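Here's a solo chain for you in structure tokens, the form predicted on its own.
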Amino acid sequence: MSEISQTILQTSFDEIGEIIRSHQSFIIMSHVRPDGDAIGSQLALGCSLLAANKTVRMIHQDGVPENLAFMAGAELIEPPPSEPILADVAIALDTAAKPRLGDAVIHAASKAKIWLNIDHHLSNPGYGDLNRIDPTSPATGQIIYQLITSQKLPLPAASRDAIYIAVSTDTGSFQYPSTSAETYELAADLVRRGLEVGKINTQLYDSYPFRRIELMRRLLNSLERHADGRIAAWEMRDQTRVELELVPDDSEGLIDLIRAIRGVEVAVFFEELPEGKIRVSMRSKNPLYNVCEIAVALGGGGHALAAGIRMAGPLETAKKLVLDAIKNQLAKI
């Protein structure tokens, strides 16, 4: 684990297993604007605990995105109720900072006796009563797999498929540098347990709405290169969201298109949000260029090679701040 995570008292899988065995009721949560790792981890652990005859509420402020609605068990994820849920343990998954759970979810889980924080983001400060944070893991879904298998918890088909989706989406289909031999062994074990890789991949990667292609066309028209082609950036105005009737997951993963340009070290996606804030996503191809450091300095967080910020607008001001910070880092190395 990283030096940052080592400063946080890490809860072992055995300790987490004991908490699961000694308590009956659980709330499972993940971050707003969820991706495959967030929803996948939530369903993987939630369905495992249900199979262990635990009482489980899986809540999410934004709900399951359209592109993940095919997942087995997706209907079990519900909006947070207006009143706090009476539960023994609240488990936050794949959420680098507690506010990213959303105010309604935090309120719904406020009466839980124990807060458990399981994550793989480098910037996670350890906001749980108990924390398991492993920035060396390529996905929170891999940590959930390790927990389930080490503690001999049930691994029903819904959990099996959800773990694969969590890990596949957060590793760029097993391409990113954080993908390890252990990750491939996880995938092999899931296949042995009945995972249909071709079927899941078709649903996950070959079933996009046409509006996503329209969005890609507009993004390409905004493409800029900086620092002698080592930085690629594009932007999405809120007007585009309105005109194309976009949903948040329509832009998921599109940054990888410009990240793949030969010579690009850092890719940046600037998105103008309805309330005037700017959402910034950064991807680095080179471990020498730590985009998490830049994100943290500007109020965000994430991983060394993938990080994000939500910052004040206007777009032009945010772009200058972020691009100048990236250029400064590139110039130092």
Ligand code: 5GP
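On a predicted model such as this, the values are computed, not experimentally measured, just so you know. Numbers follow the displayed sequence, beginning with 1.
Unshown form predicted together with the named molecule; subsequent notes refer to it.
Of the candidates 241, 160, 259, 100, 100 is the one whose heavy atoms come within 4.5 Å of the named molecule in the model of the complex; the others do not. Proximity to the named molecule in the model of the complex, defined as a heavy atom within 4.5 Å, holds among 67, 61, 284, 281 only for 281. Across the options 273-281, 22-30, 39-47, 53-61, residues that bring heavy atoms within 4.5 Å of the named molecule in the model of the complex belong to 273-281. Contact annotation: residue 307 falls within 4.5 Å of the named molecule in the model of the complex, judged by heavy atom distances. Although the partner is absent here, residue 252 lies within 4.5 Å of the named molecule in the model of the complex, judged by heavy atoms. Although the named molecule is not shown here, in the model of the complex the stretch 104-128 places heavy atoms of just one residue, 121, within 4.5 Å of it.
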